[in-house]
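Shown next are two forms of a single protein chain, provided one at a time as structure tokens under the names structure 1 and structure 2.
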Structure 1
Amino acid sequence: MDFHVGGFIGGTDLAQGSRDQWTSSFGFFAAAVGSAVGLGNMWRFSYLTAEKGGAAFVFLYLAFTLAIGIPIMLAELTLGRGSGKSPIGALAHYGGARWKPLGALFVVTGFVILSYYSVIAGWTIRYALEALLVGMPADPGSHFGLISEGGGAFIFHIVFMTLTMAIVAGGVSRGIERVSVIAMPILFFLVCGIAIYASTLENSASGYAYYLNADFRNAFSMDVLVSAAGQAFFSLSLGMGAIMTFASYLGREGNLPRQAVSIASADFGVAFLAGLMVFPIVFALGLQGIMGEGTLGTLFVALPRAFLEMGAAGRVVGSFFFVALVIGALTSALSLFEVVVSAAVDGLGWSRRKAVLLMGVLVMLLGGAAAFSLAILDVMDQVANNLLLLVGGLALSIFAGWVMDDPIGEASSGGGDPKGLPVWRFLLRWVAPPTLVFVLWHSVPSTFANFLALFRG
């Protein structure tokens, strides 16, 4: 029943021409992968892997991706496409008005993540420009200290947000899709090229050994588990309606289960490749000590130092690396911002231009806090990942598993074999909720403690 309602409403919207659509299924795929692949795969994945003890963390992160990430990805795709609405409307469409607050939580999460994400993205723009124009900094440690906090960080955050706003203002097909279909293949080639280059370095073997040999001694500490869960959601762009929003611009045709698996595979693939570039380079140059410190900035200190020591080749590789980071960050920011913008367009009846402008300025201001304090940035990242996205994911799995009428029919309409989908529903009902409650149970106290510690100085 819901399926027909969804189809009908989607059709009506389309007939009125009020809602943009992807022009091709590759366009949607590129945009969704663009959303998923970003700083999470390169910056966050490598620094967490270093901090949390190498391959054991990677293994847990993969397990979360498969057992919980892909099911929730399919749930978001299904809700978005079926309703043809941005998250607040999509949830109300299938669950009634009392689910609207969850959609509002998604918008808040989008604000929080984009605010600090854009600051880090600003660092990457700066590094990319410097690598191209003047080379690597002579003292990467103090350089990072200089650029990561304060006026400079704020300005590059504004630059990055302006770019994001300009593209999102262009709309879904003419802005986001057009950029993603060009940017994502470039990103992929850059990452592959650097990983291949890294394999030719002398002593790269110790990097692979660290990255790929699991030491399960600390894999089962709660802290590692929480980080792996948060990372799976963050990296796949799940738990805040980003994928749902993108899916709301899909036509009725298309195999959603296959899309979910392809997007998640591409995302994991790039994260894995990022490890294959970062660890061999860092270990080949004996810089694992810096990586081991496992702070937000490690990647931005260890890699430039490695590039510096590699001479001319390092400058080329370094430029490519930071350009890849900028591309990844930008295409992800488009989806974060689209959640916020589409909520204002659909919910408040604003024009896209007005929504982009007002919401963009708000993100610029909120991001100012992160730009001026690394400690605030760190806490925003923890609150978003270890709390907001997990709560969002928990609610989504309950919603699609228990509340929605016919998720299997919706997910398989338009192509795709429904045979495997009862397994999907089982995972949404019985695996995701208890696991996420367990993870939250452990992450909430420490996240709150870190949050409060901010105010105590």
Structure 2
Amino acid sequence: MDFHVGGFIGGTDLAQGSRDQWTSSFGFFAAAVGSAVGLGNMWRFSYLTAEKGGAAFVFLYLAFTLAIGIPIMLAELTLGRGSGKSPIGALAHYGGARWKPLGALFVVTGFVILSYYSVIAGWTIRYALEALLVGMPADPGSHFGLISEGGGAFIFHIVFMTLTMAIVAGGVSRGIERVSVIAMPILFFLVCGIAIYASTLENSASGYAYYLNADFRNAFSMDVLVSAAGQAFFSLSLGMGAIMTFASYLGREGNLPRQAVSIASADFGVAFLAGLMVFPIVFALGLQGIMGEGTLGTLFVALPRAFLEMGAAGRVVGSFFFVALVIGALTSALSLFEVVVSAAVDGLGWSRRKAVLLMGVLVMLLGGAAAFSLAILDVMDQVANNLLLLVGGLALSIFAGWVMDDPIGEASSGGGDPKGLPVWRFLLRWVAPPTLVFVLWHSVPSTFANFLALFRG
């Protein structure tokens, strides 16, 4: 695969000329879907769906996606394409210098998330290599405990970040786009293929029943509502400026509302398929008890144990599964890192090569803390997801709904139909803000308590 790393090792520097652009609409779509489709789709969505009521949770997730996810995504697309700038410049373009801190928050959020996300992605690289070369570990639980923190985790974190840096250094069209248009179809076919295979396993029906059971008894409890709203927001890579940054490389033509719906639909499709892949395998081998250990337990303990018990077939399926995880992690990391790199190029006047090298090293250093301590990784994840993303999304919905001049005209330029856009602005003004405040209200206490516990411990 040609990643075109010339910009990384001394070739053409795309920052020293006109702003790079996507070469095709599919290239942008693949990259944007890749940003949304990450470990959370095959890691967090399936687990929450099973734990929070099956199809009832999916229904709530879709409702929140329509009410807050797609509207905020369209806001990011509109700001990015209209300004042609990274988040700090985009907010200043439409709201003046006083809104630059919001753009800076997006950049900081992307930086923090990537620093620990790359540690988790490093685990997936290690598991994929081990599955291909030596097979699944004999004791998955002990193995995960050994490799999840320490020097090994740090080395694979560095490996993953180096790969991410090499691709982003190639620029948007010759780096991120080239990888995305190949990686996303491969990811889709891998997930579909494993899901089809899982359907042939004995007792797979029990997995489907557990996954798709429509239990509405607790569907409207506070815990389930907060989880569904949070997942709808998190899974679309909102509140971190990733979609806004990608949209800044778009031409003026194109139907932004349609693109927002298409990206959200593809993201949900992969997440839903992942559940059809994971649960039949786990239940076919009677390992559903490990699901209670949480999302990490499912991904890095339950599934490796299932693949181990499947024998030779499990080694093949397991290899494909972890390769799919690596692809999903990589495409999401590219968008996170591009937010940081683009801000440095636009705001500080750095060359792309300089931005990639310096910011990449800083991400590696901060991620070292997460690589050597799962407790630190967990707190970083909670602070980013439960605070930074939500505050960013809340401020963005207020900005696009109340501050920006004529967002409807901007969103409809280039081919969008303006007829339905007043509904979009209504959702940004009256639905997204109170929903995000609601989620924040119930997320802050536990996040703050865990943050304090880390320092006390």
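Please read all numbers here as calculations on a predicted model, not as lab measurements. The term rigid core refers to the most C-alpha atoms you can superpose between the two forms while keeping them within 1.5 Å. When a residue number appears, read it as a position in the sequence of structure 1, where counting begins at 1.
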Return 1 or 2 according to which structure is the form predicted alone. 2
Could you tell me whether the Cα atom of G392 shifts by at least 2 Å between the two structures after core superposition? no
Quick one: once the rigid core is lined up, does G409 have its C-alpha move by 2 Å or more between the two structures? no
Would you tell me if F426 moves between the two structures by 2 Å or more at its C-alpha, with the rigid core held superposed? no
Let me know the CA shift of A50 between the two structures in Å, rounded to one decimal, core fitted. 4.7
